[in-house]
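In structure tokens, the next block holds one chain alone, the form predicted on its own.
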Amino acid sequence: MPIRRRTVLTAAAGLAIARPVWAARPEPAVLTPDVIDAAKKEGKIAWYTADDLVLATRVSKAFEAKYGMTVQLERSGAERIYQRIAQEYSSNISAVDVATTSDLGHTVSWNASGWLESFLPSEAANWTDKAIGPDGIYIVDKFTLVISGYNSRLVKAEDAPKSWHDLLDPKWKGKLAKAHPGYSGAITNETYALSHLLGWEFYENLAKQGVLQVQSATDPPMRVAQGERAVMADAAEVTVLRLIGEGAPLVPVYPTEGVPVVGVGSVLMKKSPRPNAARLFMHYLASSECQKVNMENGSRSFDTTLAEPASWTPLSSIKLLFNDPADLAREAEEIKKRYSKIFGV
């Protein structure tokens, strides 16, 4: 059976509460020729990731081209990744080397289980504390936002929603597409943030709007771009920006009440069957080369040497909502259960 977060966190709850989330950093690990040689002898890396499939594929291919190694890419929603690792470990299967999740609460559970190796690539040594997990158990090698938005061919700018509450207007009934926190870590983040900010009444009213319920936070932008629905009730900004770059008729909306920030964290698994390849891949994920690939595909970066495209809405003009990973971990199961009950899915 998958290990539930609440069970894992019972023993660690005191630790999570007693000390700051942003704790001491480990000594940065420097990438050396010996590590590269040892990684190449191992030959491959198994990467379980919740990244957008297009982005994950491009990162994998760039790494393979650079180092002549194979990336076994296992892409799914963050919650599915979490469940898969729990199932494998409960069966004494150690297949994953590096995991990437859009729900940082997962890292709290994994760390409490003793599954994570503290590791800070030197490439990330100067990143802000928000990008480094407690004791270096993860790095936020990219982040995105959960936003709203619409198809400009179906909705006029003057009629478009500007806030989360605007989505409750009767005129949007039957015209909304929305992702599910039971599949998507990004939407777990959003549901946690907005249920605290706006109350569960917001979701109860939204459920009456006849939303098209999909899985991943990457799905609403694609459905709306295709014209299946007019408005994204929520969406991963990374996918919206990528699709806009490809010519999709999407317009992002940054709701005035606040926009949830989704840190996408990567971890080095202590039971990694290819530890040197895993370390090399973590170095690559933190490198400016990979950060540039992320940004070209719509992700935000903590790498201050890179400038965001001028066409993006600057973070300084957005009201950002940050979640504490430990709090998110403690409430995630209850959030998903309550959401499913409200929406009937």
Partner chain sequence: MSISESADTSLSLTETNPVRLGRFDLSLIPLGFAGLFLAFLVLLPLGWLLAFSVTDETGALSWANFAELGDPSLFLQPFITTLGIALGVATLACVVAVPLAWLVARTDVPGRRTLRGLVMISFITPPFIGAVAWVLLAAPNSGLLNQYYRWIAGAGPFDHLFNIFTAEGIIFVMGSYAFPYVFVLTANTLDRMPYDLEEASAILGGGRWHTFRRVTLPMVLPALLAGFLIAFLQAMTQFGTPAILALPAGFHVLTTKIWSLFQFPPKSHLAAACAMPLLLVTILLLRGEKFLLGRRGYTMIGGKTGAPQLTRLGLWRWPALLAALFVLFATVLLPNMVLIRASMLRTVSDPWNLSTITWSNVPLVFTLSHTVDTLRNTLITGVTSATLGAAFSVLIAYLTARRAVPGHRFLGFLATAPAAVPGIVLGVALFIAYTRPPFQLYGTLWILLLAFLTIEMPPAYQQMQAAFRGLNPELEDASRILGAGRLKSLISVVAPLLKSSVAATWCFIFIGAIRELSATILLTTSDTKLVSVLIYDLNEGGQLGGIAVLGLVLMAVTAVVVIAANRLANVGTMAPGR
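Positions refer to the first chain, counted from 1. Here the structure is a predicted model, which means the values were calculated and not measured.
Not on display, but discussed next: the form predicted together with the partner chain.
Screening Glu88, Asp166, Asp129, Asp135 for any heavy atom within 4.5 Å of the partner chain in the predicted bound form leaves a single hit, Glu88. Taking Leu306, Leu315, Val54, Val35 one by one, only a single residue has any non-hydrogen atom within 4.5 Å of the partner chain in the predicted bound form, and it is Val54.
Although the partner is absent here, Thr256 is not a contact residue: none of its heavy atoms lies within 4.5 angstroms of the partner chain in the predicted bound form. In the predicted bound form, at least one heavy atom of Lys61 sits within 4.5 Å of the partner chain. The partner chain in the predicted bound form is approached by Glu333, whose closest heavy atom lies within 4.5 angstroms of it. Contact annotation for Glu117: none of its heavy atoms lies within 4.5 Å of the partner chain in the predicted bound form.
Taken together, the three residues Arg80, Gln83 and Phe343 all come within 4.5 Å of the partner chain in the predicted bound form, as judged by their closest heavy atom. The chain is drawn here without the partner chain; in the predicted bound form, the stretch among 176 to 184, 195 to 203, 119 to 127, 257 to 265 whose residues come within 4.5 Å of it by any heavy atom is 176 to 184. Residues Val211, Leu212, Gln213, Gln215, Ser216, Thr218, Asp219, Met222, Arg223, Ala225, Gln226, Gly227, Glu228, Arg229, Ala230 are the members of 207 to 234 with a non-hydrogen atom no more than 4.5 angstroms from the partner chain in the predicted bound form.
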